[in-house]
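As a starting point, one isolated chain is supplied in structure tokens, in the form predicted on its own.
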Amino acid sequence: MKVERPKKPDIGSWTEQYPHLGTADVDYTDSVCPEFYERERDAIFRKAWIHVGRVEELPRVGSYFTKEYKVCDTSIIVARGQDKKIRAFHNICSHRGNKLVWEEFPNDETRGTTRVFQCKYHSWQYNLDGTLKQATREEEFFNFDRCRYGLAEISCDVWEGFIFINLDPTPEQTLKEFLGEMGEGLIDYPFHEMTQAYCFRAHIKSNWKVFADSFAEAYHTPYMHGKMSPEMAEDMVMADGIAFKMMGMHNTTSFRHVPSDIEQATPIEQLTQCGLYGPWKKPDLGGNLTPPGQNLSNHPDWGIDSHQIFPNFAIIIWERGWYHTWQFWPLNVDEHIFECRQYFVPPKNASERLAQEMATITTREYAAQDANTLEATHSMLKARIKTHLPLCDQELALRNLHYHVNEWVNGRRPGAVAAE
């Protein structure tokens, strides 16, 4: 089915609307340089607000989960206290520095419900608000003051049910200020109604930005995913973005709905009533389905919005009433953990559950195709045969990411003093 190519903005290309980004080739040594990665860790991942989970993961007082934050060599506890407030702490006991919360294997993330956090080493106990509850044989310590030995708290805040942390002891911006127009544009979207979650993760041998780049454009879709998306392979402009908006370090891209999704369905898609764009049956949803940040151009064939939140988080909202998130967790300059979470309205029956699982499997298959290609990409970028690479108009979000990564690394993040 042929569709018209989306119109360009009146003033020219999408990219030329943002002259500070330029149109020159982009230097990709930022994705393969160990020294740059070390600067990135301190300038970005210790300073930016980072998404770590959803409020539904902490449904009651005492609920907690841990997050391994390898890029900053730490582990984090996120918990709901007796006052129902959500807090975050470094996962370290104040006595001898043991990792406080873990199960069988210290490097595995865990979750559960507890009244106190108790260290496995010497049994020190901490309240849910991080204060020290008990130090065993406290009388044998010298000039001991419990107030000095609580857990190390981390700045933590919540936006639309998404939990964010910031390792900076005195963040330069509040979470609201950090999200800015991006955050304002999605207020009241019914994220809270989509509580059926599915998750998969993978260890990827590429720099985190190489993977984030691929998930910020659909230019590659007809070529890399053509066998899974025959309708896009037949009409390549169908994958083009229909609207782009850069909001400082964050950005949104809108894409069209594929009108032939149901007509060209495979047998398994017909059986599960689910295709590329998710379950065919749309759920009943309250809230504001079209906040200002959604479907930027009010396009009649709108199908997806990809909201990229700097530095390593993306929310992809589908017109059919579900959303998923991407997150890219750096391990070192050459590796990262890719994490995907799918969110749906809880299924009412087995058919709806099957459709949701089909959507999750489909997403995983697309991601697997990306993973193979992007590991190959990273392996050749490391050779530095080609360092400055051209980006087209459909790759505007990539240009924006690399621009702002470099701005932060060079001390030009919001509120920061420029590096000497």
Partner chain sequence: MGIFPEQFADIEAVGAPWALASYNDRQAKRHASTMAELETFYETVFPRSQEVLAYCNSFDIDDWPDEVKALMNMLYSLVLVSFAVEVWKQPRVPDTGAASFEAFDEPAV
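Residue numbers count along the first chain shown, from 1. Quick caveat: nothing in here was measured; it's all calculated off a predicted structure.
Separately, the form predicted in complex with the partner chain exists; it is not shown, and the next lines address it.
Each of 199, 347 and 372 places at least one heavy atom within 4.5 Å of the partner chain in the model of the complex. Heavy atoms of residue 362 reach within 4.5 Å of the partner chain in the model of the complex, making it an interface residue.
Contact between residue 268 and the partner chain in the model of the complex is found at the 4.5 Å heavy atom cutoff. Of the heavy atoms in residue 384, none are within 4.5 Å of the partner chain in the model of the complex. At a distance threshold of 4.5 angstroms between non-hydrogen atoms, residue 214 is out of contact with the partner chain in the model of the complex.
Proximity to the partner chain in the model of the complex, defined as a heavy atom within 4.5 Å, singles out one entry of 389, 354, 392, 61, which is 354. In summary, among the residues 115, 111, 85, 146, the only one with a non-hydrogen atom within 4.5 Å of the partner chain in the model of the complex is 111.
Segments offered: 331 to 339, 118 to 126, 290 to 298, 306 to 314. Contacting the partner chain in the model of the complex at heavy atom distances within 4.5 Å is 331 to 339.
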